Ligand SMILES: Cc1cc2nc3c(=O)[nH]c(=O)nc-3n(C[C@H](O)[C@H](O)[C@H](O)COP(=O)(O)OP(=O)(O)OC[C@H]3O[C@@H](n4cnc5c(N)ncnc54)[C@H](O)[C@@H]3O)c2cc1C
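Form predicted alone, single chain, as structure tokens, below.
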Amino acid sequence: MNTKPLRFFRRGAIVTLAAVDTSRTLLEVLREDLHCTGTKEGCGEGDCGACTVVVAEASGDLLKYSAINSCIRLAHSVDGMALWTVEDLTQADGSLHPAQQAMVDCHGSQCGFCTPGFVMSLFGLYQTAQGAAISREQAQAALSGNLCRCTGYRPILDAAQAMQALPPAQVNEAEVLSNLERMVHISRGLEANSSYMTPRTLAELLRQRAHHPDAQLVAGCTDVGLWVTKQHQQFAKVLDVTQVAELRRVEYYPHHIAIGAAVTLTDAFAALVADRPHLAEFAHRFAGLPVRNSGTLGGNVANGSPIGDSMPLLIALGASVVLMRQSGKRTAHRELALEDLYTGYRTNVMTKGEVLAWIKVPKAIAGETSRVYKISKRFEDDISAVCLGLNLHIINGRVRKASIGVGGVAATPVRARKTEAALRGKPWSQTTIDQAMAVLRKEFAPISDMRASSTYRSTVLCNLLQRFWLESQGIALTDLRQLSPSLDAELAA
């Protein structure tokens, strides 16, 4: 049987489930085994947030809290963590948690189906804020992965800001940390013949990958979880990279940032934004916060979806990937440009024994002008129809270097080499942009699908290049969200 014991800390005790199947989701275990039916199943694909729970791991002497989607998270991926569901928030004296009480006081619940998920996202925000005041912007970011079909967002945002004024509720973090450490010792020695392998070191990961080349690799489960919930796939063996200590780090070097394959999207984008602050909006739009808290940048890149949003940006920035494997008693590695990783639709150059270990991103330099544009039907929490990343080095009014990554126009994320050539060495002018747009329009032949037509994609791609030029010239009104009613009236007059 493809089962393994599952342990996590909840309600002041270590919960042990003797035999949990490798392919079961956390939501299934919560609702069917533990009867925690407050955690709802809505979309089954990490879009609506009704299934949101909060997990915590040790981060030094503190706890790091993360709101996640339980519907697409494999149950064993939370082994050894602390877990809270909406049933766990009521305090010892029977009073509601501030996240719950604020929802009551602010009339934040309408039909109620999405309410448990909102409450858990609020709980995650409450724990992260550590008593500090919460701004409207922080509340919107924390709730970005939760949908309310009754459109009751205003009172829910009010609740997010109101909960800090209520009598505080504290987690006994010393107790949680002690039990997390106990579970580490309990779990040691159980991995050798397991159907769900969670190596703790890079050497252990490479050894297990060499011994189990057909095991399904997971790194946050935000894609693999969909294969379970939507395609009903089952896995005989799973190799989870998210606990590998070396791959959980972001390392800083003089000329580049190295992001481990197990670094969450939340932390990876924080590192990228620290180097290039203008990427903050794109990082927020990449997905809802629970998806970013679970998913990893390494997983997004390795999965290679043609509409994966990180790859066009990384290609434009000149990122490379480091692939590693065990070769006899030695460790072998190779490095290649990110765009050279892919060979076709969701296929790549990695051999069965290889893993994607690191993503290396060059740091911003003087003369660089970079942008990334995402076009989707919804502004937040939606998949791109087109994504365009641009990185130009403009010196003395002339384009010295150009690097352009594109998503949504081919079977893989691609580099627009012909368009780069049309820009390189030319004056930075409207004439050059017009010529480059003509090349870009012909460089790709995108398909038509449920997200956009081929013509739409080609047109928008060229328009985004024009937008990039306008913004480089200081034109601000390139985004509808920048228009105010009064300014709109003035422009019409």
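Bear in mind the structure is a predicted one, so any value in this text is a computation, not a measurement. Position 1 is the first residue in the sequence shown; the rest follow in order.
In what follows, reference is made to the form predicted together with the ligand, a form of this protein that is not presented.
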Only one of 28, 57, 443, 47 gets a heavy atom within 4.5 Å of the ligand in the predicted complex. Which one?
47
Only hit among 228, 350, 258, 392 for heavy atom within 4.5 Å of the ligand in the predicted complex is 350
Applying a 4.5 Å heavy atom distance criterion, does residue 291 contact the ligand in the predicted complex?
yes
Would you check, heavy atoms only and a 4.5 Å threshold, whether residue 407 touches the ligand in the predicted complex?
no
Using a 4.5 Å heavy atom cut-off, state whether residue 123 contacts the ligand in the predicted complex.
no
Can you work out whether residue 303 and the ligand are in contact in the predicted complex, taking contact to mean some heavy atom pair no more than 4.5 Å apart?
yes
Which of 135 to 143, 291 to 299, 174 to 182, 412 to 420 sits within 4.5 Å of the ligand in the predicted complex, heavy atom basis
291 to 299
Taking the ligand in the predicted complex, which residues along 220 to 242 bring a heavy atom to within 4.5 Å of it?
220, 221, 222, 223, 224, 226, 227, 241
